[in-house]
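Listed next as structure tokens: two forms of one protein chain, kept apart as structure 1 and structure 2.
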Structure 1
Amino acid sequence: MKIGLEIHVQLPTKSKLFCPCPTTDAPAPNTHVCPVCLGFPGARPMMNRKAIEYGILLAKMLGCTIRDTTWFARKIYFYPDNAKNFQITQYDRPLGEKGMYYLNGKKPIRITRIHIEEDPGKIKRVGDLSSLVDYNRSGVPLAEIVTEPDLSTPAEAREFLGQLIRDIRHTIDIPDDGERSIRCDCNISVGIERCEVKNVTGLKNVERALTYELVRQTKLLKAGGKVVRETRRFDEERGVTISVRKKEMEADYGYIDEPDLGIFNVKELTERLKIGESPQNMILRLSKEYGIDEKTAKQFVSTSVELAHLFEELAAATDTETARTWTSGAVSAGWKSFEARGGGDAAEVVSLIGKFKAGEITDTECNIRIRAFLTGTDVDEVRSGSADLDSIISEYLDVNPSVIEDYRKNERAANRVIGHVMKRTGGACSSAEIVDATKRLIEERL
């Protein structure tokens, strides 16, 4: 089985691709519109350069070749949500070509191309006989990433998409607004001919749609039937794909270059724009470089790339084991609160752990002070709260010494303690704090 994906990602620009209309949620249908994105006669596109910058960052992240010049094209098809009855996209000269993405850092997935295009409007069906069109989305910038058919199972496709999206979010700083903002066209072939399932939203639905197609095509072939090349649609509620139309060949769209935008020289921009390490690569590097397991590395990076950076600073200042223990423990426990307050310089944490290593403060004291720093709370307040928390846990462990024995066999035994303490404290402490304190106190008794 071969699976290739075409992934559409909305780029986080403030205004649309070719006009100044905002890309934010609109108060009502057809309010974030103007003559340009409504395709009114005489209006023409103006390039939003920020979209090209985002496109270049993504092309770099995917290891694509970025040529010095790029330009746009008109793709002509008649549809009510397509304001001009042509879409401005890229054809002959996409922003990036011939890239590579390593799934789990290992399996190469070839990236055919990445290009920028405008999103069409949205059609809302009203009853059986009519539809309404909302052009608020018309002209929102999209990046389309096309892979070669290098994915071999629906689960793998989902995994790939998950990793890719996390990397994309990190590279161009898209807020995590759920899976819905990712739309995907899935090409799948069990035999020779392939089908395309258009416009599937979200990771889970991609896997469901592909699995349905896998079963459908396999059955069809086994029964001696033939798969026809066609476009299908995924019905989320019923979990089935439905034939929409015979697949047009790309060339049928009669592309011509967009004459109103001209040619963009992106050489300097490409040289100037730098991308950091992608989260997926960071997980693999941390695990390899520091000898920590991938799960821990993933936990750090998923919490925040900044947390992972702090882990590296700690490892440099002390040693890997100290860095790992403290990062998983007290630092992770307070990190969300730290970032919620704006994040920033966490050098204080490195210095506190340094003091603990040098024997200047106890680990309990170090723990309290880290917590106080990260949560922005007074040290004494944390100390008394922590003492209360510690004493509740200790009391429970004193009464139930079997927990310690169970914990030796399975760390999940700690959950009993945690559940009890949660009830007792009734929301006064964060769950991260409770987990951290429980593990610390159990481990003291091991």
Structure 2
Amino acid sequence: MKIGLEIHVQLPTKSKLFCPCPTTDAPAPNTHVCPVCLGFPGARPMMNRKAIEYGILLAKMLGCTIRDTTWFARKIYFYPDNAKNFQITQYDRPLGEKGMYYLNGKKPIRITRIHIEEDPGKIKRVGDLSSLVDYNRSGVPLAEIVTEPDLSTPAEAREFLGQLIRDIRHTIDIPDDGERSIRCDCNISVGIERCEVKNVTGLKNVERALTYELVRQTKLLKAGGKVVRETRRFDEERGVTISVRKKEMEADYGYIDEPDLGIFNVKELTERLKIGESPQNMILRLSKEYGIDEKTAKQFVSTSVELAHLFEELAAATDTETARTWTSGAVSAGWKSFEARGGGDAAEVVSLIGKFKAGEITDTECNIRIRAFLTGTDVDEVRSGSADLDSIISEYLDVNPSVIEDYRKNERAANRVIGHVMKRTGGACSSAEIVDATKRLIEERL
């Protein structure tokens, strides 16, 4: 079995790829449109420089070769979501080619290409016989990332896509909202011929669509049938793929160079643009440099890259084990509240943990002050709530001492306590607070 993905990333520009229409959510259908994105006769496109910059940053992140010049082409196809009857995309000179991306830092996934193109409009089905078309999305800039068929299972494809999305969002700061989505075309072959499942959204749905196709194609081949090269769509409600049309070949699109845009020399721009450390590379570095397991490093980075940076500050100010323990516990528990309030300088956290390390305050007091700082709550209020929470947990542990021994063998034993406390508190405490307090009180008794 071979799986390859075509990932479409809506780039976070303020205006569309070839016109000044806004890319923000529109108040009504067909309101963020103009003669250019509707393809009126005589309307000429103008390149959005920011989209090229974003594309170059992604190409660098994917380890692609970026040539000095790039240009665009017209992809001819006739469909209601495409007002011009051609899509402006890149064909024979994409922005980046022949990249390499490593899944979990180990398995190489070859990147065929990354190119820039315009999004088509959006079709809404109305009943069985008619459709409505909204062109607000038409012309929104996309980066399309095409992989070689190097993925082996639907679960692996989901894991790869999740990792890639984290790295993409970090590289070009894409917001995680519905309209600026990341869509995926899934190509899968069990035998010789492959099928493509178009426009799948969500990691879970990618795995579901590929799993369904795996089973469908396998059964078809075992029954003596033949897999037909075709385009299919995924019905999320029923969890099945449905044939849409025969799969077009490249020659069917009649590509021609886009005459209104010309050639873009991107050498100087490519040399000037720099990318930072990707989340995945940060996970691998933290694990190697500080000797923490990859699961813990991934927890830090997935919560927030800034949290991972704070872990490094704490390790420098105290030691690795102290930094790991506090970052995994009280700091992680309050970090989302801290970010929701705008984030900022977390030097106070480093100072408090330094005082604990020096023996100036107890671990309980340090925990209370950290939570108060991160959540913006009065210290006395946190102290009162912590006392009640600690009392409930301690009471349960007194009655069920076997939890302590079970925890020595498997930390999941703490879930018994956590479930009990959540019921008792009835939502008065956050799950992060309960988990942190439970583990702290169990470990005090080990």
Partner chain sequence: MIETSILSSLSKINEKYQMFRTITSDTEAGDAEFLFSAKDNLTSKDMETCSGSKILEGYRPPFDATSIARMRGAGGLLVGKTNMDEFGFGTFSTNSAFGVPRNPYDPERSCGGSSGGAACAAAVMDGHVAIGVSTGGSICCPASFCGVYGIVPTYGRVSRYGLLDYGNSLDKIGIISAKASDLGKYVNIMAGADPRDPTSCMQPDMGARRKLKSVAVPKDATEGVSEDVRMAFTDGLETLESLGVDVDTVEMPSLKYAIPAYYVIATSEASTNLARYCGMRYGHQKGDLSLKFDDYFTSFRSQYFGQEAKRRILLGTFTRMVGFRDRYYSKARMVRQSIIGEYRSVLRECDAVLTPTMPFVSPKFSDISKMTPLESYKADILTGPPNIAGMPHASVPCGYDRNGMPIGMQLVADQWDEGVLFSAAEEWEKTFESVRPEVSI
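The first residue in the sequence of structure 1 is number 1, and each one after it adds one. In this text, the rigid core denotes the largest set of C-alpha atoms whose superposition between the two forms falls within 1.5 Å. Just so it is clear, the structure is predicted and the values come from calculations on it, not from any experiment.
Structure 2 derives from the form predicted on its own, whereas structure 1 comes from the other one. Relative to the rigid parts that move between structure 1 and structure 2, the hinge contains Leu286, whereas the other entries in Val227, Pro45, Leu286, Gly96 stay over 12 positions from any hinge. Relative to the larger rigid part, the smaller one turns by 14 degrees between structure 1 and structure 2, according to C-alpha superpositions. With both forms fitted on their core, the C-alpha atom of Gly334 sits 4.5 Å from where it sits in the other form; this compares the forms between structure 1 and structure 2.
Superposing the rigid core and comparing between structure 1 and structure 2 gives a CA shift of 8.7 Å at Glu395.
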